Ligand code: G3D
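Just one chain follows, in the form predicted on its own, and it is written as structure tokens.
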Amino acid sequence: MEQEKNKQILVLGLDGAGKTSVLHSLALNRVQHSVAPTQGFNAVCISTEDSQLEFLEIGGSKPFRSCWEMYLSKGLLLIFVVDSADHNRLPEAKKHLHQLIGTNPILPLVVFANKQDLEAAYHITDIHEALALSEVGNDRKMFLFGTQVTENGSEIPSIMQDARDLIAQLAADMQ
């Protein structure tokens, strides 16, 4: 059973969606912007009251997307981050998301509709529709959060604290 402990929470999404900023903000409980795209992998450990959560972010640019599926089988749950203001790339994000979840019908899914603070951002109901989240399957736990990482150093919004608590609960349930 030792191997079970190595299961990670996967953080995926297209390049520029804000995966690293979201992940670091969750880890630090403070807004932490990242401007450089992730080249390869970014592992972050977050301690909660009950456990250690291991997050693995995989870069979202084209060369890294081919790695995504290999890690799904090792995942406790999938966090998929989308840029709510990048309307042109939502169909591409939807395609990749549905390919991923198609290979694992019970993996819990948490979607972060990121950059909600931008004027052009789609509301989370529009993101739900654009990503066809109603089609992800009835056996899967699925959650959608509208997130933003605004001012560096400020406390993360309560919705992100709620998301972190939910992620910890889902991870505990899956172990």
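Nothing here was measured: the structure is a model prediction, and the numbers come from that model. The numbering used is simple: start at 1 and walk along the sequence shown.
Below: the form predicted together with the named molecule, not depicted.
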Legend entry - Option touching the named molecule, based on a heavy atom within 4.5 Å in the model of the complex, out of A17, I156, A163, I9: A17
Inset, instruction - Using the partner position in the model of the complex, report whether I106 sits within 4.5 Å of the named molecule, counting heavy atoms only. - result: no
Legend entry - A36, heavy atom within 4.5 angstroms of the named molecule in the model of the complex: yes
Inset, instruction - Considering only heavy atoms, tell me if L118 and the named molecule come within 4.5 Å of each other in the model of the complex. - result: yes
Legend entry - Contact of V149 with the named molecule in the model of the complex (heavy atom, 4.5 Å): yes
Legend entry - Location of the named molecule contact in the model of the complex, chosen stretch of 45 to 53, 109 to 117, 65 to 73, 122 to 130 [non-hydrogen atom, 4.5 Å]: 109 to 117
Inset, instruction - Give, in sequence order, every residue of 67 to 99 that has a heavy atom within 4.5 Å of the named molecule in the model of the complex, or say none if there are no such residues. - result: none
